[in-house]
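There is one chain below, alone, in structure tokens, taken in the form predicted alone.
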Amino acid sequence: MASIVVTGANGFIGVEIVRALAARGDRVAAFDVAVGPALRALAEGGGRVTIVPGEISEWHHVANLIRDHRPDAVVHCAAIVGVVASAQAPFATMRVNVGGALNVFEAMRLFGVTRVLNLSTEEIYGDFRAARIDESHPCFPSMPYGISKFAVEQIGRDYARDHGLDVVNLRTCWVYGPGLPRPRVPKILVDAAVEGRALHIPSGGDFRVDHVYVDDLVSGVLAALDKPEHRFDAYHIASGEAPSLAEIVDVVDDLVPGARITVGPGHYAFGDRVRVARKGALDIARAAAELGYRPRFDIRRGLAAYIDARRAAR
């Protein structure tokens, strides 16, 4: 049994990490500025989860968190997430994402906590230079979200070199599954299909990106957390495949008979206005070799699980 702090514990990914840690017997300090029903239910469900309200960009909140709990490790998920949100609030993105991570690293240094798993993103790469890339791909992020997350990785390397922190960056891609809050694919496709609404996306059918089901991401996080020593400070935790949006639409149409989901050709844009960087698949060979990571959900199985959960939630 370990003691783990999870920041951003009320988020889509954070709450699933808290759930998995508690289910295997770990004690979890769940830190977030908000508390939703899922996180509250976990805190009331057996005494392994303690909710710690706080803002990641407030130094005294983070310092008190680390001082009071002295965890074996931190799983750092707190962030303003997504290209669109960061473009709309660039100052807040830097304050929360970069300033918040600095607070975590500095509090760990002061109170003798060494291991942190930092949830990172494929946005640090900018435009992919190949259809499949590994962790050595050059990093040229182009939007506030990717820039902030790349800065966090680099700052973590400074703390590793100068202060002995064990900072492990888990670079994931487009995570999906029950509870996904942002209105992007595949959520908008699944919602429309299950609700019986017609949906046409004007363009984006040729766009390819690695979609990872949330359960697979959580399994990768736990594998990295449990590994005693790491030879690398970055891993891809993804599906290793990059279906096109047109292929995803076809799968949803097949899984939900009568669904009226269509997409036009070309590149994808968030809200038809914010350009999406050129993407592809994340090579997961390093995570497989070092962590034993094996994703269980290809896109069809993941969408089927998501659709079933969406139907049950209705």
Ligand SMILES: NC(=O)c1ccc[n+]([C@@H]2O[C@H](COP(=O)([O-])OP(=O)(O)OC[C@H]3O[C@@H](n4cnc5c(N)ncnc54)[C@H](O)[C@@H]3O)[C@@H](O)[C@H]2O)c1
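Small disclaimer: the values here were computed from a predicted structure and weren't measured. So that there is no doubt, residue numbering starts at 1 and follows the sequence shown.
We do not show the form predicted together with the named molecule, though everything after this point is about it.
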- Which one, Ala224, Val116, Val152, Cys77, lies within 4.5 Å of the named molecule in the predicted complex by heavy atoms? Cys77
- Message: Looking at Phe105, Phe207, Tyr213, Tyr145 here, can you tell me which has any non-hydrogen atom within 4.5 angstroms of the named molecule in the predicted complex?
- Response: Tyr145
- Message: Only one of 302-310, 20-28, 7-15, 289-297 has heavy atoms within 4.5 Å of the named molecule in the predicted complex; I'd like to know which.
- Response: 7-15
- Answer yes or no: in the predicted complex, does the named molecule come within 4.5 Å of a heavy atom in every one of Leu199, Asp253 and His267? no
- Should His163 be classed as touching the named molecule in the predicted complex when contacts are defined as heavy atoms within 4.5 Å? no
- Going by a heavy atom distance of 4.5 Å, is Ala73 a contact of the named molecule in the predicted complex? no
- Task: Tell me, yes or no, whether Trp174 is in contact with the named molecule in the predicted complex, where a contact means a heavy atom of each within 4.5 Å.
- Result: yes
- Query: Wondering, does Gly280 line up within 4.5 Å of the named molecule in the predicted complex on heavy atoms?
  - Reply: no
- Query: Within 30-54, which residues come within 4.5 Å of the named molecule in the predicted complex, counting heavy atoms only?
  - Reply: Phe31, Asp32, Val33, Ala34, Gly54
